[in-house]
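Have a look below at one chain only, the form predicted alone, in structure tokens format.
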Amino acid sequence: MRKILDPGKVRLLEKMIKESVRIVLTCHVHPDGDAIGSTLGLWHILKSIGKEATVVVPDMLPKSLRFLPGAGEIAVYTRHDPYCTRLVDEADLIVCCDFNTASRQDHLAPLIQGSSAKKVLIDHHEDPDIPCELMFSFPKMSSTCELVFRVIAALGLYDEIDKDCATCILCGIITDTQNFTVNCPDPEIYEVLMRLLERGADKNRIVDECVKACSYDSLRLKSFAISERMEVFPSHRAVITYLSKEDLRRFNYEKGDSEGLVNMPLNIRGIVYSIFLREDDDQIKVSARSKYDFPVSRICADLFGGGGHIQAAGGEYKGSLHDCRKILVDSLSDYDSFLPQRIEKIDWRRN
């Protein structure tokens, strides 16, 4: 495996960990498998070497991730504000995982950014903009969890990776690559997979819990969205799917129930990108995925103040679902120049 990490940065991180007394690991709002997997993976390693560490997240993790070893020890800011505040105030080292700007932590951001503790960033998103003493940023990496694995190995702590740690790290890799189907052109990702399996990672359970399993209401919600709320735009090779607050209430929506919905329209032959709009209480949540290196990150940045990876991005819109959809539909033609020159005929028939 290539040694891609700067040895000087690795030595500095080793020194910062050694000199720290209390460490807080944190991630972005609406945490996904990569966010929770990377923080918990590092948490297991730090605990194994005798460090006092805690994972503090902005809000609750979805049901699909609560099986991860150590998930029950996570401190959730929206539920335990005073406790989380005390943990951050007492920390002398904060490790930020899987986010590139402070705004990605929403209401937790002022507390983390206002802390006097030294900060380390470990992330794979583009254009990192977080003040910190040390940064490991690799936008071409499959996931922050892959980067965390490489950091652990570079620190000489590979032998400290046990089954629990390996399962957390592999969870982030599987979820961010959609079970090794996207964002993983580097063959070394399979060596990482092999190493994690050697350390006991429970791949079958990760796939069952994070890729396959869903609740009855979640399955009905996704089926309804595809059947009644999916719009195909053949000339733009795009699909827009949306769910209103009324739709969510109808199917007893819980956090995480729409996970993976944005990927489903990409299975239609000839579709290049898919955008999903979900109406939350105070905003429209925008999620986008694509194939053929189509830059959905540009759409999210241009229209919704977001960003992410070329093929996986998101953003937010403060306004009505109707207006959000109209802005998006009216702008689709602006991105036609990024469509691949040659592509299979779209498999779609209007009813």
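Computed from a prediction, not measured in an experiment: that's the story for all the values here. Sequential numbering from 1, following the sequence displayed.
Quick note: we don't show the form predicted together with a small molecule, though the next part is all about it.
- Stretch 313-321 is the contacting one of 50-58, 65-73, 313-321, 37-45, since its residues have non-hydrogen atoms within 4.5 Å of the small molecule in the model of the complex.
- Mapping the unseen interface onto this chain, His125 counts among the residues with a heavy atom inside 4.5 Å of the small molecule in the model of the complex.
- Using a 4.5 angstroms threshold between heavy atoms, Pro295 stays clear of the small molecule in the model of the complex.
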